[in-house]
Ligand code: COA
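Presented as structure tokens, the chain that follows is alone, the form predicted alone.
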């Protein structure tokens, strides 16, 4: 257990918490004493995640809900409240992505990402409000560098994640008086995630991505989880409405450098 963070008895809800970065965040809270409630669309993934998290936490419950459906979100948050009481930490991390040019994308393709990332974020935050610990709750949304750095083949994600960050800022203003803090984390290239597999589908592209990161390495899920722990802790009690990249400096030079390296790697 980390000596820096103590979430003993705290109720943490992770939307999209059955895989990837979100599961890594849930794991970190489990290792620091939290009571965990996770949900996502896939029952199989939820079941597997609960078993994984029980290695570190006694109090873990999983459920299924689609963040695009407000009624499902309301029901699952009510369930979380009934099981563990008010929510101390809410992580909103459900997301969808696929690389496609605007011309090569249907309206439905664009809408599907906006529905999951943007509308899903609003549904989770809006309907969690009545169940949040007030004052004292911390909300963390999982954004992406595409929220503030334009990228080819990513118009849907750029639009959706920019919206997510604006939800973070607007609700930080609206809910600050209730003692609720809201911040966004924007992970860069993180090892062993679905996003990384799509970003770097082979070894040549993977090397190109690493070369485009100033710190010259991929991030780990723990890097993102460490920031989530900090933002949820009393150490960040005066921090709200921020968007913080965890990307090794990757976005400092925009995506153009990465795109050129990737094209060279794909051609070689």
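Residue numbers count along the first chain shown, from 1. Nothing here was measured: the structure is a model prediction, and the numbers come from that model.
What follows is about the form predicted in complex with the ligand, which we do not show.
> How about residue 41: is it within 4.5 Å of the ligand in the model of the complex, going by heavy atoms?
Within the cut-off, so yes.
> Applying a 4.5 Å heavy atom distance criterion, does residue 80 contact the ligand in the model of the complex?
Residue 80: no contact with the ligand in the model of the complex.
> Although the ligand is absent from this view, report whether residue 113 comes within 4.5 Å of it in the model of the complex, heavy atoms only.
Heavy-atom contact with the ligand at 4.5 Å: present for residue 113.
> Considering non-hydrogen atoms and a 4.5 Å limit, does the ligand approach residue 98 in the model of the complex?
Residue 98: yes, in contact with the ligand in the model of the complex.
> Quick one: of 71, 194, 174, 152, which gets a non-hydrogen atom within 4.5 angstroms of the ligand in the model of the complex?
Flagged contact: 194.
> 6, 50 and 54 - do all three of these have some heavy atom no more than 4.5 Å from the ligand in the model of the complex?
None of them does, since no heavy atom lies within 4.5 Å of the partner.
> Only one of 166-174, 180-188, 129-137, 194-202 gets a heavy atom within 4.5 Å of the ligand in the model of the complex; which is it?
The contacting stretch here is 194-202.
> Quick one: which residues from 101-123 get a non-hydrogen atom within 4.5 Å of the ligand in the model of the complex?
Residues within 4.5 Å: 104, 105, 106, 108, 109, 112, 113, 116.
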